[in-house]
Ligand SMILES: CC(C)(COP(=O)(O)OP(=O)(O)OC[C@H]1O[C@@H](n2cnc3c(N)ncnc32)[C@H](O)[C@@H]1OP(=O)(O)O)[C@@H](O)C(=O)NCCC(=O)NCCS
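One chain follows as structure tokens, the form predicted alone.
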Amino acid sequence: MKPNNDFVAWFRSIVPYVNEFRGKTFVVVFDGEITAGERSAEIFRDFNLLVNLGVKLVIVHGVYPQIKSKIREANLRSKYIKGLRVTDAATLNLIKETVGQIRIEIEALLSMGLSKPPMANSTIRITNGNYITARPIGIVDGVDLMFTGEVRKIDTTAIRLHLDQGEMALLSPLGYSRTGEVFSLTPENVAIEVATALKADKLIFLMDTPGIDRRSNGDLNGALSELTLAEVRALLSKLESNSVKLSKDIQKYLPCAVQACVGGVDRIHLISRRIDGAMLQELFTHKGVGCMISRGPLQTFRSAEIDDVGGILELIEPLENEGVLARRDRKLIEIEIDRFLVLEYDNMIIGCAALNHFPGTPVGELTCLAIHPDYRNKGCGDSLLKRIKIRAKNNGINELIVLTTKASHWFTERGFNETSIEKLPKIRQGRYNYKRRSKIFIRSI
């Protein structure tokens, strides 16, 4: 039987994500179109899959298109003040009726996902209730918004209790006051407040558009699949000055992302619901298919720890098999772990390098420089080299050597000059592998 190496590589690639996400809290928000969309069954099956992988999942649904249609059928008029609907008693009745209908449809879609592969024979319970306390927004520009409200408080204790029992929480855009009134809320308001209150690890917006509009003016020519909070704020400033053009979805959700980031949510994802398996591709692959927004830089450097040995091995083993790096076993890496620097991307190791210092000499050796294939040619190697040089200087090293069989050009482009074995410290000369016949390069730092 011929081995399926692609499958093996794929399966191994998602394992770190599965381990990372198990026990984490995700909040997903979407509008009412999703229940009638062409990929609705697949989307809700993916929700079930996430829960089965150990994710604590809260989903927040909207009803805007359905309400719009019912208001038109009832010959009612909608009035908006600064983008907020004035919700009178008649409109509220339609909203309550529609929310109940949509919630039942969603529960049916989630149940349908359990009867077919890959979720067959699995059981996921869905919880919903009066977890949201709301208050009226009140008067805006002299107009009473009546039953249009905003979140006042989230019953996080009750929601966490259900999530900890493996249940999925389904929240609707309605809130309840202490006096027994019902208020219409926006799903975005509910999702942001829930994600903030639960200290969610991720807040995911499922939208119509695929991401940041590539037809924007200004300097938005690169792929905007990752943004920091500061970059989002800068982008919104450009939008206000009309120096960029963004789709309506992006204009709607970017301010929501800012609010969630400020509230403490680490990662916000903007994903198109029209892409098959969009959530899975965004969450379980390096490249993703949407735009991820973080409070701070996604890439961080730090000294390696003993728990990083597995991640380092995953990086260097393919290069060892290609003969790019000399082989190192786990025990050796564990012994030398304090010599390693690692580059993390979103809490996953994507690069590593080590610095060996030869006692009694001002010479150090750069070894084990490796970058994950998805992040090569993006400056990660240069960043690691820069960090290694800083560490070398701090340790009294003024010359850096490197031995390589296949990366000669990369190092010469960065100021390294080829030299002979005699230039190596005596202790390193004795360990030179004549079978590999590595070229030796050196540069001052």
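The term rigid core refers to the maximal set of C-alpha atoms that superpose within 1.5 Å between the two forms. Computed from a predicted model, the values in this text were never measured in an experiment. We number the residues from 1 along the sequence you see.
If you look for the form predicted in complex with the named molecule, you will not find it shown, but the lines that follow are about it.
Exercise for the section: Given that the partner is absent here, state which listed stretch (25 to 33, 400 to 408, 64 to 72, 38 to 46) has heavy atoms within 4.5 Å of the named molecule in the model of the complex. Expected result: Among the listed stretches, the partner-contacting one is 400 to 408.
Exercise for the section: Report yes if any heavy atom of I293 sits within 4.5 Å of a heavy atom of the named molecule in the model of the complex; otherwise report no. Expected result: It does not: once the named molecule is placed as it appears in the model of the complex, I293 has no heavy atom within 4.5 Å of it.
Exercise for the section: Mark V324 yes when one of its heavy atoms lies within 4.5 Å of a heavy atom of the named molecule in the model of the complex, and no otherwise. Expected result: It does: once the named molecule is placed as it appears in the model of the complex, V324 has a heavy atom within 4.5 Å of it.
Problem - Heavy atom of A134 within 4.5 Å of the named molecule in the model of the complex - result: A134: no contact with the named molecule in the model of the complex.
Problem - in the model of the complex, L50 touching the named molecule (heavy atom, 4.5 Å) - result: Outside the cut-off, so no.
Exercise for the section: Heavy atom within 4.5 Å of the named molecule in the model of the complex: which of S420, N395, N417, N377 fits that? Just give me the one. Expected result: If I apply the 4.5 Å criterion carefully, the residue I get is N377.
Problem - Per-residue C-alpha change between this form and the one not shown, Q66, threshold 2 Å, rigid core fit - result: No, Q66 moves less than 2 Å.
Exercise for the section: State yes or no: after fitting on the rigid core, is the Cα displacement of T404 between this form and the one not shown at least 2 Å? Expected result: Indeed, T404 is displaced by 2 Å or more.
Problem - Flag for I250, CA shift 2 Å or larger between this form and the one not shown after aligning core - result: Comparing forms between this form and the one not shown, the I250 CA shifts below 2 Å.
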